[in-house]
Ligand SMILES: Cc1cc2nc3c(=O)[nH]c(=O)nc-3n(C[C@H](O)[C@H](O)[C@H](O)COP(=O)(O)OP(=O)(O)OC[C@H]3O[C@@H](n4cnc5c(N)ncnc54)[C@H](O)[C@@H]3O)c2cc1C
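First, one chain by itself: the form predicted on its own, in structure tokens.
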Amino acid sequence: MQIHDLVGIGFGPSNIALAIALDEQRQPGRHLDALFIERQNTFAWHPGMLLDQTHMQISFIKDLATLRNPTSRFSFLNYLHEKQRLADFINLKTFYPSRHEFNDYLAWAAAQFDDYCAYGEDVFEVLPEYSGETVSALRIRSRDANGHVRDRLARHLVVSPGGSANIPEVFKPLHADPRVFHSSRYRDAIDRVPRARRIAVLGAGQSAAEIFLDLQGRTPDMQVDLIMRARAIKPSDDSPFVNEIFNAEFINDVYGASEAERSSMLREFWHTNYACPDLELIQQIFKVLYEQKVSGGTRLRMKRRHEVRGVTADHDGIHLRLTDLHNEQATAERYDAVVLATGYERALHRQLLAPLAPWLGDCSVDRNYQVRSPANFRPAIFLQGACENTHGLSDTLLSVTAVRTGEICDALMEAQRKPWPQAAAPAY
């Protein structure tokens, strides 16, 4: 069985950026045989939230390559040049392209590495391969849509599976009910309940705000409740000094701090990344609600300081037991559908790497995102988008992706230069 120098789990923006970094560092004697495995059948970036009129929250300069290599042919500007839209984009006078356009940019970059990506396969297990008492390689096991299992061997591994939908405990018993769905599936899932006229949206972040506006504009008879525990929708703080926390060099400050200091930083700047829609979006919601007051309408409501304490479902709809956190008063509401704009979890890497726990422990990482391991564990394993607690709030964002993948690329090259044990024999 062929042993790849590197296998990457997932082929979203982070691993596409890594493929670019590897391509741009390719020199005689420094080439890595890399393969990426992606569960989706084709490239797609948050397809459930590709709504009309939505735009990026960060500058196009924070693309897949520019902050690492401003001359890269994989930059957003070169994408515009190749698509013959550069002059037109300049005339837009914006740093924030539409989400549709940035998705097209990512797909354009991904397509240039089609030969290095196996689409439509879901990695479900990573196992050790031995040379004597040393783990010398990894066996990556994946399953396609037909249930066929394929094994591949790798000397090194980069895990970048992205976030998984965070479903509140109270809603988990209804995971199979098509009337309750996470925001990550919104665009397709809402079309599967075409008769829904009373809809609840849970959350106070960018996705919740975008979905609320999208729903209110669909049909004039649709009733929409935006339910949140917060007292108000707070805008993201994108002022210059605060935005410095998303600079690549700030990672050194976070990583070098004590655990208590890091926790304090995460708390202090939490609202720069979570539950913080753009101010323009908040103003649009306020305007819509104000115009409803002028007309005397009641179809749109914001239920602030409310928490869902109970959920039941029957043929008539989804019934929520809500508690007003101001006075602990309980009320019941019936909806035709419920959208959970409740964020994401970042724990998939622990599930995938569970068989390696005797060597990897709690998957703690060094400054270069490499999981710490003992001397008798030869493969280098890197995490992308799962190191917020040690590397800061920028870790799950595009802000540092280009620079981070350059650091991982350098660490991979260094790992390759170390003496290699005798090749592992297949375990099966």
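Not measured: the values here are computed from a predicted model. In this text, residue numbers run from 1 along the sequence as written.
What comes next is about the form predicted in complex with the named molecule, which does not appear here.
Asks: Any of the heavy atoms of D122 lying within 4.5 Å of the named molecule in the predicted bound form?
Replies: Because a heavy atom of D122 falls inside 4.5 Å of the named molecule in the predicted bound form, the answer is yes.
Asks: Even though the partner isn't displayed, in the predicted bound form is W45 close enough to the named molecule, meaning a heavy atom within 4.5 Å?
Replies: Heavy-atom contact with the named molecule at 4.5 Å: present for W45.
Asks: Might R378 be said to contact the named molecule in the predicted bound form, defining contact as any heavy atom within 4.5 Å?
Replies: Outside the cut-off, so no.
Asks: Give a yes or no for R99: in the predicted bound form, does one of its heavy atoms lie within 4.5 Å of a heavy atom belonging to the named molecule?
Replies: Output for R99 is yes: heavy atoms within 4.5 Å of the named molecule.
Asks: Using a 4.5 Å heavy atom cut-off, which residue among L397, V403, A34, C363 comes into contact with the named molecule in the predicted bound form?
Replies: If I apply the 4.5 Å criterion carefully, the residue I get is L397.
Asks: Pick from V311, M302, A275, L348: which residue has any heavy atom within 4.5 angstroms of the named molecule in the predicted bound form?
Replies: The residue in contact is L348.
Asks: I need the one stretch from 85-93, 213-221, 293-301, 156-164 whose residues put non-hydrogen atoms within 4.5 angstroms of the named molecule in the predicted bound form.
Replies: Checking each option against the 4.5 Å cut-off leaves 156-164.
Asks: Counting only non-hydrogen atoms and a 4.5 Å cut-off, give the residues of 39-74 close to the named molecule in the predicted bound form.
Replies: Contacting residues: R39, Q40, W45, H46, M49, M56, Q57, I58.
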